[in-house]
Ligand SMILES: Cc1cc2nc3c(=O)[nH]c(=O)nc-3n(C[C@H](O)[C@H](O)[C@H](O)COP(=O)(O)OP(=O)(O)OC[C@H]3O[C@@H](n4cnc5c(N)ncnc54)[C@H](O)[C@@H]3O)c2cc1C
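This document starts with one chain, in the form predicted on its own, laid out as structure tokens.
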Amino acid sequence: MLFVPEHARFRPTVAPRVAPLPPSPDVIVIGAGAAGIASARRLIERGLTVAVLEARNRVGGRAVTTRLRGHAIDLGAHWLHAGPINPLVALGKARGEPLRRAAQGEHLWIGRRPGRAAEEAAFSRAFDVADRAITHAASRSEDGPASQALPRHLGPWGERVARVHSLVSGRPLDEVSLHDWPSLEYGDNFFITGGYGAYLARLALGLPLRLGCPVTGLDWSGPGVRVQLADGGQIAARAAIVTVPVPVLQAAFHFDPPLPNRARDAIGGFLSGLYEHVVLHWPSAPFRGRDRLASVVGGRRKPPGMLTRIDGTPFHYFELDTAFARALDAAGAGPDGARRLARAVLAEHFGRRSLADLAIPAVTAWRHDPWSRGSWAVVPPGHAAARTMLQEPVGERIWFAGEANSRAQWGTAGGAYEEGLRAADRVTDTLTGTSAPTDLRESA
């Protein structure tokens, strides 16, 4: 069951500033998340007229920065992954955005004590062994669940390794394709002061964009396209770039005529990934050093992941993976249930007295957001070709763009942005007969 999630009530730190829509746009971009923003910027750069339609009353999609207790906090995407290939890192550097490299060290907490140096070294080795084994298995011709490639000799760290990889994959590893295993370079990530969502919102300033404009479907029966709006209106254009999240395409979007089987099967085969933040304000937390991951092991209940001292503040993320989210939903527990869960887990490992100054001002639920229906798109075993299939145009007038298209950066705003640029170049090439740039970088 979908409902208005708590995170939707928070106001973004960067207010949108939009330009009017052109009367007869060349291209309609559906969605103003990272992919939609990239598409619109590139299409305008290459001389086409654009109309961007966004269901929410803000831009950024599953990336939004709000202000909590005087600090800018991301409620969605927060990491700029894969720095060397992420276009938002290159663009941010060119624009002089306040990027900073993510810390390499992390905290290890075992039961009720910090991990010892030897334990930290063993923990790190276990991750290295697992990553090498899964990466090697992913190169084989036969696909299967990523869980099958996990080594069985990881000792006491095996459960923790599997839990972390399930968190960052968005589903338990037996539901994740081995051939779609993440290839991100987690040693070269960035954060941005002021928040990732705010950065994307700045990139969208001044675009021809209509907010609060849900799109229910797309009619491509004629020579161009006609977008169907929830209020009964229509907008026509020569082509469309659809950046709607895959789970929304599966459940609440209509194409007339229906998409070809190849495209329909590609969209239909994805799973919805789950990754939620329970935002903690915890000044006395026992973690030092900003922006550091924390692994908490031992005990009855174990958080799949934490990010501590965000931007050097008293804020931390307590992450909910699929297992935690499913348990909360099965119990009918909403945001307050997530708060109780986080407090119970932290009390087990740090003691109830240590939580005297803990507040939990925000809990996300992207899985219940009607415009997201999940955190990202996950490829199950046997469906690994879907991302490439989704890059193919339909009728030379419909293109798809978003993190679901990206093989190298799936599940990330950087991957969505890259695919938005790619789609925009292909649309422009088709409509104008000109050649696209040789790379996907963007000028500041």
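Residue numbers here begin at 1 and follow the sequence given. If you're wondering where the values come from, they're calculated on a predicted model, not measured in any experiment.
This protein has a second form, the form predicted together with this ligand, left out of what is shown; the following refers to that one.
Self-check item: this ligand contact at Ala63 in the predicted complex, heavy atom, 4.5 Å
Solution: Judged by the heavy-atom cut-off of 4.5 Å, Ala63 is in contact with this ligand in the predicted complex.
Quiz item: Do Ala55 and this ligand come within 4.5 Å of each other in the predicted complex, heavy atoms counted?
Solution: Ala55 belongs to the contact set for this ligand.
Quiz prompt | 4.5 angstroms heavy atom contact with this ligand in the predicted complex for Arg309 | solution = No, no contact at 4.5 Å.
Quiz item: Does Gly206 make contact with this ligand in the predicted complex, using a 4.5 Å heavy atom cut-off?
Solution: Output for Gly206 is no: heavy atoms all beyond 4.5 Å of this ligand.
Quiz prompt | The single option of Phe270, Phe315, Phe318, Tyr196 touching this ligand in the predicted complex, heavy atom within 4.5 Å | solution = Spelling it out, the residue with a heavy atom inside the cut-off is Tyr196.
Practice problem: Sort through 126-134, 261-269, 212-220, 107-115 and report the only stretch with a non-hydrogen atom within 4.5 Å of this ligand in the predicted complex. | Solution: Going through the listed ranges, the match is 212-220.
Self-check item: Stretch 241-272 - residues with a heavy atom within 4.5 Å of this ligand in the predicted complex
Solution: In sequence order, Thr243, Val244, Pro245, Val248, Phe253 come within 4.5 Å of the partner.
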